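Structure 1 and structure 2, given next as structure tokens, are two forms of the same protein chain, each shown alone.
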Structure 1
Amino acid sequence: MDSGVLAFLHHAFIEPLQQGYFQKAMLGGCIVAIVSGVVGCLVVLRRMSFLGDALSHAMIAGVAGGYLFMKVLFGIEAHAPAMLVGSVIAAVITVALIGFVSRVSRVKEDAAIGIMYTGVFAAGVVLVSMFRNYIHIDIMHFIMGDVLGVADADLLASGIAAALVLTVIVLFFRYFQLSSFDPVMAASIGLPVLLIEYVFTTCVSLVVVSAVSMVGVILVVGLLITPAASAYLLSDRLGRMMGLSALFGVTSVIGGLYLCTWLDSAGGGAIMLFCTLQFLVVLIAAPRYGMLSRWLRLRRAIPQSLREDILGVVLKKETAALATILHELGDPAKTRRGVLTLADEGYLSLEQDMYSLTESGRKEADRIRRAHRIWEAYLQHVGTPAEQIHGRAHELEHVGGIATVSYLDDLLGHPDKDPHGQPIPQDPALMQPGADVALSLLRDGQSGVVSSIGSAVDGTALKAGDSVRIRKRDGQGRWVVLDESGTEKSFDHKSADTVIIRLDR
């Protein structure tokens, strides 16, 4: 390799490693990054990112209290353990106040966090200003951090905090995991969810406190959240996510330290800049959840409207050649891919170059036809011009899904024909032998046994256990049934909705 290149690499990468301040910064930063990455995964999964910001700001009150305590009683300044204990106490008080406000008032938790952390932060600022003759805290250092000036006391404090937090996470991993993903189930099997919440919050507080002296209150939240978010884009398993998050945190510290050395910039800012750039790379290139993979999936995906149009064409023609489908729908490349996809999924079958619907394909096509004709009936009901009904219904049949179609069907009184006199298919998902179906959804010729009747129905008209056959609706649109004795009985829409028929098998 060229001597000039070797000299450049030595100057850029080796010389910083030979500096004591760089070694301390890397050691302390990596300790904080590992524990922040592990705990940050639970913070992200619990959607508590804002809480990290609150704790980091509330710390100033604890730092000031610990500083003042040691200065007044013992005459000691900048005593790291005392400030650490004070910071943890301030963080726990902040969390307790947030929980109290959100429980006893209609104020939501996010608003309670905003109120309490700014209040505690303000109390810390007032405390520092009132006792400025006793407390000598560099506010800029507190806000921005000084990773290149890590003291031995900071290393010791961060090491102890990291050891404690990682021990708790390892010992109670299953409890944290279950309460993060399903707190209701955790409570139902007897886990002390509230206690777990407070233990976890204490762990977050320790992490925040140990990191603030290096990266400051502004950037500690990023170190807690960003590596975990990067790992979240790459993994669906919590254990693997924690490992990746710790790795991203370490690479952020190492990369950021080199970056601040090359650019002669603030260490904490460089670390978080590198961490953010790392996240953006993962956001773009993640194989499953990245922007690039999502764009490729969308490019390859077949729009639901095209899938339904293809099934509709084949349903209308019974069997259709690929050329016919392409002619009907246009966009040859996408339509061809859609036909092949539907065949692979079992909705279409191919015999002698002709496509036809399979059983599942026919059910899906009937669902689409039903949606189209109910939309036509609705459009006529609201006064849409007759020449526009078909085209508008073709656009709307893909909108809203089954729930919307069922709502319109009920609103219109369950019509059995569209405006053109064509029969509206019944919902194939409901019309299974042995299924319990409302009388209002049944048609002429269907039969079954009365399963239940609502209070709106005259008890002498029908009773549970009666065998009935559905007849054609009368001139007033009422539902007519023929009971076991051969007597016809009719019901209005409201009553028919409450009569449940178990269809004959």
Structure 2
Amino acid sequence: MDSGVLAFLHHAFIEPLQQGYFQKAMLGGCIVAIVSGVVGCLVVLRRMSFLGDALSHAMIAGVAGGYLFMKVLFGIEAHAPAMLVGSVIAAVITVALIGFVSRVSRVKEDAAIGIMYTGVFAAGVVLVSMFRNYIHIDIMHFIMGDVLGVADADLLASGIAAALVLTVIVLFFRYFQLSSFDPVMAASIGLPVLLIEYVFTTCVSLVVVSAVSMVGVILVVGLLITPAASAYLLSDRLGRMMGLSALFGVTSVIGGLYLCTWLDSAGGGAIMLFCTLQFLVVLIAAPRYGMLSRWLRLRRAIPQSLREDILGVVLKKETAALATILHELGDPAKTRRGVLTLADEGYLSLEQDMYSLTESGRKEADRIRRAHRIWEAYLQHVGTPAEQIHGRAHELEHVGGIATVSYLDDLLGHPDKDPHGQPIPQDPALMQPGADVALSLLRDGQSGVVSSIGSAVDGTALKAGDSVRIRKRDGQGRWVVLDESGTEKSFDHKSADTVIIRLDR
């Protein structure tokens, strides 16, 4: 039994390693994965994923061009350096053409990318098939890649390219970091932003060119950006992101190679499949930016509406047993936790198994609701998408306290309804009998004596000492008051802010 397992493990893991082609694939794949992982981080952060795609598609034309050039001029077959240089030239031309087309015409960049790299790719395919008697390269080799057939020359070339690119990135790390994060500042302190961009494009070309022979034109972009994207979800620093990304690249290559020997599948495909699965796992399980943690955070949070509902139920019933509250509201587990939390926070008091609002609980009920609804109104005012309003307001209502809320309230013109049409309560701390309150904060039915008026207000309309009763705001949102003689006076926002009224007792 034991020896059976061992034999299986030996067969599955050790035997492939003893094959020369497997070792080479592993070595070449890891070299390529490390460098494309590191470069890929910058590609992702600079939003240049299209570049990898454009470059890989341009390659075949470049390879054919380099091949023909050497063959026709010098009679040398399949001169690898020339094919490499050809690829880079073709890539750079493609990128330049994309920029050119989107600049001189109304065709936007995404369309220009699509046009140019399929065009250059097509040119390569036509070239290779026209000269198929002279050029001995296999198009399928380019399209699919052949990681299991890595030649020594390929290994050497990608080794050199990787060393070169990694050296540049490490030496000039700060420059790449700053010009990716804030190109304006980079330029202002004298960094050659354009040169950095060209150097970076060249680095990406080298990486793509050395990766294509292993995973092929179609998959190379994946190798460039997928590990980087996985790392992005796990890191808060660029350096760490690059390290993780390289690591993910390497694990994809190792995992993918075993996968392809076990399943007897295409090597490049297996590597990218593994890489993508890895990404999906990270996407779900990442501790901070993953879906699972997001979902858990949402679940664990006692929703604002629930807090409000609990306080609301207790407010309505004056005293309520836990069972009553649970009965009134759904989701018992959550509600139970909510009640305990509120009692902990001193908003609910428990006497003989009955919950009631404490003084602060009563104030809190109104304060929370007011803050929450004013934030909602503000968020709508600044154009936050409707589905985010509630959640954002929930986060924001604890920000800055009463002063912030008053400021927003003023900014919004003291609305009395939130975006969902729910009434916004008045500030409970302010609406005490005998308190001096600005007219703009008062609502229909309240009454008091004018204690002062601002200079902007017409003195004949209202004067200190007048008794007034507040009416509903009119159609233009102006504040309307009824004076002793029963005449209606209306005020705009600015004036209403300066009319101070002492509330009746």
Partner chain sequence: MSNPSSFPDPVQTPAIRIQNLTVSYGPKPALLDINLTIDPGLLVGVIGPNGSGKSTFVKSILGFVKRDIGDVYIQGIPTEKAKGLVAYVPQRGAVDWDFPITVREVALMGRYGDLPWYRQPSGKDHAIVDDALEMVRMQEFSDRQIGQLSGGQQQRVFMARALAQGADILLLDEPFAGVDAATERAILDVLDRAKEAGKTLVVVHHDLATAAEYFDRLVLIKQRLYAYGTPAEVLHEDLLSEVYEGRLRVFADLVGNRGDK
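Please read these numbers as outputs of a predicted model, since none were measured by experiment. Throughout, rigid core stands for the largest set of C-alpha atoms superposing within 1.5 Å between the two forms. Residue numbering: structure 1 sequence, from 1.
Note on provenance: structure 2 matches the form predicted together with the partner chain. Residue 18 is not among the residues whose C-alpha shifts by 2 Å or more between structure 1 and structure 2 once the rigid core is aligned; its shift stays under 2 Å. Core-superposed comparison between structure 1 and structure 2: the CA of residue 34 stays below a 2 Å shift.
Relative to the superposed core, residue 181 undergoes a C-alpha shift smaller than 2 Å between structure 1 and structure 2.
For residue 101, the Cα shift between structure 1 and structure 2 is 3.4 Å when the rigid core is held fixed in the overlay. Lined up on the core, residue 334 has its CA atom moved by 5.7 Å between structure 1 and structure 2.
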